[in-house]
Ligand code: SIN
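Next up: a single chain in structure tokens, the form predicted on its own.
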């Protein structure tokens, strides 16, 4: 599929009556004129999919969705991850649903990733087959902060200096799920026993658009394979700084009722800090993906 570059300056009507409003000059769009709680025709969903491939992350404001309705919409993008592991805060009734929250009941957190800032990353890159898409639905939102920032990994690769592109050509990196021990200044060579990890190309090719994206991140990429430690850390540091440049980033400020879905294969995301005394509650669903190539 050859996806053309979007026009970031103007909103437009899709063939089936949706309105697409570009959110920033680099990534993201709002889509209005659709009620996701109702079944969607194939034509309307194709409009959504086309916009998603163009803008990488799309926001549907003002939605009212129960769990089953959210799951039904997410399944249009592909099979869902239905981990029933209670440690991951998945819903027992609806195992595709995971809560993201700082709310406590009986002294226990009801959701994952409760508080604080989170560095740029791609979801599940520590797995052999990371998710292709992540969907979040905002229910309770703090008055300030807790924004989700999205960075365009296509642009990050396409604007790399030629010398850096040559250095990463054909390289692979190890990605490690070990937040508490990661050195976010440039990765870590040390993988502790039992910690999930997976090796992926530093540059991956999107299976639908055919475009190349820079596929490393500050939160979970530990090291570039086959390089001395110092060289790996220095190179990763350069890549992290480059891909997080403000001109590649769109910060989404949440409103209750926002449904957001992003393409995990060509987009990084991060979270800004917020007041931990305020409640934050979102539902998350992830779509199963393929092995990066």
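Just so we're clear, the structure is a prediction, and the values are computed from it rather than from any experiment. Numbering follows the first chain given and starts at 1.
Another form, the form predicted in complex with ligand SIN, is not on view; read the next lines as being about it.
Q: Pick from 190-198, 117-125, 155-163, 209-217: which stretch has a heavy atom within 4.5 Å of ligand SIN in the predicted complex?
A: It is 117-125 that comes within 4.5 Å of the partner.
Q: Among 100, 97, 80, 168, which has at least one heavy atom within 4.5 Å of ligand SIN in the predicted complex?
A: It is 100.
Q: Considering 133, 136, 174, 141, which brings a non-hydrogen atom within 4.5 Å of ligand SIN in the predicted complex?
A: It is 136 that has a heavy atom within 4.5 Å of the partner.
Q: Check residue 283 for me: does it contact ligand SIN in the predicted complex (non-hydrogen atoms, 4.5 angstroms)?
A: No, no contact at 4.5 Å.
Q: Report whether the minimum heavy atom distance between residue 221 and ligand SIN in the predicted complex is within 4.5 Å.
A: Residue 221 lies outside the contact set for ligand SIN.
Q: What residues in 140-164 sit within 4.5 Å of ligand SIN in the predicted complex, counting heavy atoms only?
A: Heavy-atom contacts within 4.5 Å come from 148 alone.
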